[in-house]
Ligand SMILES: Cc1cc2nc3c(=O)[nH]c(=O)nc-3n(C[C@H](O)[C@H](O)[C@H](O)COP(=O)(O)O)c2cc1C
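Here's a solo chain for you in structure tokens, the form predicted alone.
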């Protein structure tokens, strides 16, 4: 039996169960699996997601007080993973509402071992028109502030999952993302312990 030493989680923030985002994640995760990773694809489609309430209860407990269909389970999976690939379609010039809800709720992951520190993180995004750059920029900034190790981002202008068959360079980029995720996890990168806490201070409210 093969000994699996790393876990890579792909998260689809699309409301569609079998849309472009899932198709892209499957290609990346398939390559990661061939590189020796245990992979899982998690979709929020059809699940009830509540937004952050800003109550700050998690500041002391490290746990979100909200229980909905997905986030408590998903946060546990994110903490257990060595690498995470975020996937989102672009609706109205940004990531989906589902993606933003989950990202906001990860503020509860603020106490070791329940943090995202040192996890490798990549991203895939699909778009019909405008908004790709803004969404990827936001995800990039999120990775850095959560003390994650950023991997590649792959974006594509897709209308249907079958469009990927006509895009060999995109398929290859997705496979390379999966391979890179596995390679970076194997490096076992780690921030010094004193820098575990994030997000950091930005100078706007510090004295």
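Because the structure is a prediction, the values reported are computed rather than measured. Numbering follows the first chain given and starts at 1.
Quick note: we don't show the form predicted in complex with this ligand, though the next part is all about it.
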item	value
Among 136-144, 152-160, 49-57, 34-42, the region lying within 4.5 Å of this ligand in the predicted complex by heavy atom distance	152-160
Output flag, 16, 19 and 90 jointly within 4.5 Å of this ligand in the predicted complex, heavy atom basis	yes
Residue 80: touches this ligand in the predicted complex, heavy atom cutoff 4.5 angstroms	no
Contact of residue 127 with this ligand in the predicted complex (heavy atom, 4.5 Å)	yes
